[in-house]
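Only one chain comes next, encoded as structure tokens, the form predicted alone.
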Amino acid sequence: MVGESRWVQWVSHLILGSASAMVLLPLLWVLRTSFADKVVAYQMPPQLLFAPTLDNYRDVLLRFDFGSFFLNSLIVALTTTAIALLLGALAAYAIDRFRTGGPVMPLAILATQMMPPIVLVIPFFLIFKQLGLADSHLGLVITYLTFNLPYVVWLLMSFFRRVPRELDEAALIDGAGPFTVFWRIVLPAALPGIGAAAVLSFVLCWNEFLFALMLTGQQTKTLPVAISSLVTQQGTAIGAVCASTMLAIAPMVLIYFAIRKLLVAGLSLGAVKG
């Protein structure tokens, strides 16, 4: 029995190790290439040991105007996340507590996530061009809200559902109104879930490529689009691509380590019991 248990443990570790390697090795290779010069980056077979250089990061930060693209992504992601949380929290609370929209509403919200984004790109482009919102932060924020807001509402509905209704009823008996209950009782109780929704919403906006490619210009270009512009007909600046990729990933890593406890607590709060 002990031998069988140990065998199962070894197999489990092997599977988990293989899965982790599949995820981490590409990132480690990108990190390695970001410190390689042009000769080493393109060398075949690849050279594992070499003298690292910061030339790729220097080129990206000084010549590539990385700061402007980073700021564009930050403005759009933060604005979209803030609006999505504000509207999403109110909508999720109304749907969960007051059954707004009836039993069809949750299904309708979920159905919006099933539409392929490519279907919306051309209509958004034509509408924004007529309204003068093409190549603007506002146009991109509005676009991101179309898929981000339903996602946030769906997440927060599950988080609010975990907050006991007895707390609402006790507050109402004490004379509190529905908005007071929402603001002072439900929101603080669901704060870990709201934090998790905020992080996931921010990541969705930060990594989005298709809408940003079609709806932005040189002044409002976001990081994913800017990085893709390093791949041209003349060739790929692989070192610069890897360096800019690592710089784009860095905020996500920092956010994760900064609020990982809140994120885990929020995801646990929204878990569905079997």
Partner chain sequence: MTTATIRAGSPGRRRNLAQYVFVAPAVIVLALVVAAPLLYSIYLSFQEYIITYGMGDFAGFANYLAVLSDDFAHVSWVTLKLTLLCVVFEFVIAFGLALLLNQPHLPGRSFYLIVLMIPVLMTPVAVALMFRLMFNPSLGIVNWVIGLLGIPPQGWFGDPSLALGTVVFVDVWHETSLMLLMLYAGLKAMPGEPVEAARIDGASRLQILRYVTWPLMKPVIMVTLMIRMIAALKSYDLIYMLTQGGPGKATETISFYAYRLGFRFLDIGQAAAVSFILLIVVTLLTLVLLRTMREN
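These figures come from a predicted structure and were not determined experimentally. Residue numbers count along the first chain shown, from 1.
Only in words, not in the display: the form predicted together with the partner chain, which the text now covers.
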Only one of P52, P46, G217, G67 has a non-hydrogen atom within 4.5 angstroms of the partner chain in the predicted complex; which is it? P46
T146, S136, S158, T79: which sits within 4.5 Å of the partner chain in the predicted complex by any heavy atom? T146
Are any of the heavy atoms in A36 no more than 4.5 Å from a heavy atom of the partner chain in the predicted complex? no
Can you check whether V163 is within 4.5 Å of the partner chain in the predicted complex, heavy atom basis? no
Please run the contact check for A212 against the partner chain in the predicted complex: heavy atoms, 4.5 angstroms, yes or no? no
Report whether the minimum heavy atom distance between P188 and the partner chain in the predicted complex is within 4.5 Å. no
Residue by residue through 87-114, which ones have a non-hydrogen atom no more than 4.5 angstroms from the partner chain in the predicted complex? L87, L90, A91, Y93, A94, I95, F98, T100, P103, M105, P106, L107, L110, A111, T112, Q113, M114
